[in-house]
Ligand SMILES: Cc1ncc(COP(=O)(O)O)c(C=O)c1O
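Just one chain follows, in the form predicted alone, and it is written as structure tokens.
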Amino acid sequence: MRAGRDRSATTRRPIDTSFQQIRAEFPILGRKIYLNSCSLGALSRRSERHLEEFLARWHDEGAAAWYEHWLGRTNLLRRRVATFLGAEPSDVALLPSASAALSVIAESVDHSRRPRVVCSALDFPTLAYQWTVKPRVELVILRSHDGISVDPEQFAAAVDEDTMFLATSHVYFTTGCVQDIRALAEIAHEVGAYCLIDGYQAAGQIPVNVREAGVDFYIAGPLKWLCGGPGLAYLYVRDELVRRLRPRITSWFATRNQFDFDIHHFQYHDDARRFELGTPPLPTIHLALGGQEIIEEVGIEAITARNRELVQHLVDGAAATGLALRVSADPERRSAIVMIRHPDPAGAVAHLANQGIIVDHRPGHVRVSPHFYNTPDELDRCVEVLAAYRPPRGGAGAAALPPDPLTL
């Protein structure tokens, strides 16, 4: 779609000085125009200091630091994440990835009783892959009629008494469109199904309150908008389900008395730690603490408002130069993921990188994902360079824009 209004009609707002100070926390912003937070959030000096603390204790204390410090840091992160998501620490498990979190939940239920799982074509593939490999699961993938979103009524029509999970995204990685997860939870619960939400693209750029939303499971992590690095995921499980579910994938960190090292007896933790898998990734735990602190200090409401202004500026500028956008027509449903259709996305991304502008590409699109630490001038420069790019003659971009497979 082509969206937005003439750029000349947009009044540029000055950047608040607090954001200028925050920019100095992220060294990459002094070197590059970094607009790829949807792939990897910028690394802060705060996170570096936390990591340096971890390394110093490793050098000084070795494994002795586990009991006095590192388990405490792990529990601190769990508490901060729980509060940030509107949950209790007893509802949150720390896992190595979103895939691991999906796996442990998938192996906590009996699929023979309710074999159906409903996802959408706009979800990240990992969400569907989890169920694709299970021979007794009937996977239903809903198509998008407009290539931007999936109407809740489509979920309501597909979710029935045979459905175990309505499993979908809070924010679609394909379009940046924000879903109404409260409505989806109500649809699932109407027929006794679980609502599982992949919020990895959401947490840190839009407000999340899992209890108010009424979802059963919510997966997030520090890799992207929470600016905490790779190797960690957060799994929220609704408190009523924590003790009821008994995952068939487990580890010594999931047992109640793990330091008894009793090989003959296994008891699940009473809280969400029963879903955890193995030794936590301590470097990322420390990096994530730094990112979490900054996000909380700025405030998610301020971040959301800032990102909304940046996205509108980007949409207006891209539309004014004739670039074709794939974003929601409703600004309230947009996130800081902006997809720009392009005949040569890989070539365009490489060209932008040569100009010091870091973005990413997905099939048929250049993806620009600003965060609260970016500026309108950076977005203007990105649009200017992208609009001026001409693919090599006879190269990948010689053909017209391909059709969007999600709308066929």
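Note that the coordinates shown come from a computational prediction; the quantities given were computed from them, not determined experimentally. Quick note: we count residues from 1 along the sequence shown, nothing fancier.
There is also a form predicted together with the named molecule; it is not shown, and the following applies to it.
Query raised in the report: Does the 4.5 Å heavy atom contact test between residue 250 and the named molecule in the predicted bound form come out positive?
Result: Because no heavy atom of residue 250 falls inside 4.5 Å of the named molecule in the predicted bound form, the answer is no.
Query raised in the report: With the partner left out of view, is residue 84 within 4.5 angstroms of the named molecule in the predicted bound form by any non-hydrogen atom?
Result: No - in the predicted bound form, heavy atoms of residue 84 and the named molecule never come within 4.5 Å of each other.
Requested in this report: Tell me, yes or no, whether residue 177 is in contact with the named molecule in the predicted bound form, where a contact means a heavy atom of each within 4.5 Å.
Outcome: Residue 177: no, not in contact with the named molecule in the predicted bound form.
Query raised in the report: At the 4.5 Å heavy atom threshold, is residue 124 in contact with the named molecule in the predicted bound form?
Result: Taking the distances in the predicted bound form, the answer for residue 124 is yes, it comes within 4.5 Å of the named molecule.
Query raised in the report: Between the options 200, 275, 236, 165, which residue brings a heavy atom to within 4.5 Å of the named molecule in the predicted bound form?
Result: Exactly one residue meets the criterion: 200.
Report task. Could you tell me which one of 97, 328, 144, 255 places a heavy atom within 4.5 Å of the named molecule in the predicted bound form? Result -> Of the listed residues, the single hit is 97.
Query raised in the report: Out of 154-162, 255-263, 303-311, 192-200, where are the residues with a heavy atom within 4.5 Å of the named molecule in the predicted bound form?
Result: Among the listed stretches, the partner-contacting one is 192-200.
Requested in this report: Within 4.5 Å of the named molecule in the predicted bound form, which residues of 48-69 have a heavy atom? Give them in sequence order, or say none.
Outcome: Counting only heavy atoms within 4.5 Å of the named molecule in the predicted bound form, no residue of 48-69 makes contact.
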